[in-house]
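Given next, in structure tokens, is a single chain: the form predicted on its own.
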């Protein structure tokens, strides 16, 4: 798909990931043992033949840059096209860094002008799915759409989601933002949009000139009756990770092999930064059931229904249930942990008990000693 470029927002201003994004962007949030959230966006692009990608950052982007490097692990370290990383910079009179998507895209206007592709996909980076953009493009052309937005069905529907209503041909007839949780199945926007680059530039220029900022509210909602907006519905796993509860829930879903297979292999393999780690060592006292264990771990305790990232050490007598332990966690003898998220380099000392609940997991921030 040499006719399409990608624009990725590494920072989503509306996420409520709190402690997990104090020192990182949502894009670089670890997921499912060895991945970062942005891996899904980059892999979907590359698997679809999209190799010209601009990434807009806002703050706490050091870990993201370290993870992506020059894009080598996605075959994006090339002379032509590849990844262009855009650190934040002020371009307005008040010298403020951009506040929203419209200002962010306007800040890379020259990049959009210089790239040769005719179409653009703009997307957030906290979207976990496996999609084929060539199929989205063909759908867009077949339906003569001005904008094609990618959607999925979810039940229940969370707060702050864009609810999409369509006619029998999947043309969007109404959109609004959910204000309450709803147990009914809804079609929800994934914050992924495909359109001609010239249309994108025109929409952004006009909106920025009028002081508008929100891409969805100030452009999509207002242009609904003027532009033909089509909904392309994802058939398979898809989710937006924008709060602690959702992050925990979606990691736990990865323990289901069918969901994991659909996400990681459906339209191509999800790629990530390669690390040369040693295999995991299971001691004589190790008891591991229904868990995802990355390489480099040393396990001598009990692990049930949990996700362990690289280099985690579990001492004998420790019991880990329904929890996420990120890279280089150290769990000492006699510790009991359930429904918890431990960020990178957390040490839990002997005899400690950490317990949350499925809908309210305990979060221990990076580098803490408990």
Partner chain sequence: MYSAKKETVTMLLAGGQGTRLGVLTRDIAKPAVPFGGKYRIIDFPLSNCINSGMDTIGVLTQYQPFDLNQYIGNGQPWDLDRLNGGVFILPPYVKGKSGEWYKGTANAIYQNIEFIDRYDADYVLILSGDHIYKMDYSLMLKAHKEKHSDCTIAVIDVPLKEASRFGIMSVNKNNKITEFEEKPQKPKSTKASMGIYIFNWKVLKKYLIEDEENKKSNNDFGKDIIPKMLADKQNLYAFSFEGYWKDVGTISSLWQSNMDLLSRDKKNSLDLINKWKIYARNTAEPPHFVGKNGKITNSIVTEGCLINGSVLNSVLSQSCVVEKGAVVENSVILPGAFIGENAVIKYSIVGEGGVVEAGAVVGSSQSGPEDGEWKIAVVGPKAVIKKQSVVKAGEMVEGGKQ
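Residue numbers count along the first chain shown, from 1. Computed from a predicted structure; not experimentally measured.
Unshown form predicted together with its partner chain; subsequent notes refer to it.
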Next on the checklist: So, residue 209 and its partner chain: in the predicted complex, are they within 4.5 Å at any heavy atom pair?
Outcome noted: no
Next on the checklist: Whether residue 291 contacts its partner chain in the predicted complex should be assessed with a 4.5 Å heavy atom distance threshold; does it?
Outcome noted: yes
Checklist entry - Can you check whether residue 178 is within 4.5 Å of its partner chain in the predicted complex, heavy atom basis? => result no
Next on the checklist: Check residue 29 for me: does it contact its partner chain in the predicted complex (non-hydrogen atoms, 4.5 angstroms)?
Outcome noted: no
Checklist outcome for this item: Interface check vs its partner chain in the predicted complex: of 76, 255, 195, 112, the one with a heavy atom inside 4.5 Å is 255
Item to check | Sole residue of 199, 281, 141, 224 within 4.5 Å of its partner chain in the predicted complex, by heavy atom | outcome: 281
Item to check | Contact segment among 186-194, 161-169, 103-111, 264-272, judged by heavy atoms lying within 4.5 Å of its partner chain in the predicted complex | outcome: 264-272
Item to check | Residues of stretch 30-47 in contact with its partner chain in the predicted complex (4.5 Å, non-hydrogen atom) | outcome: 32, 33, 34, 35
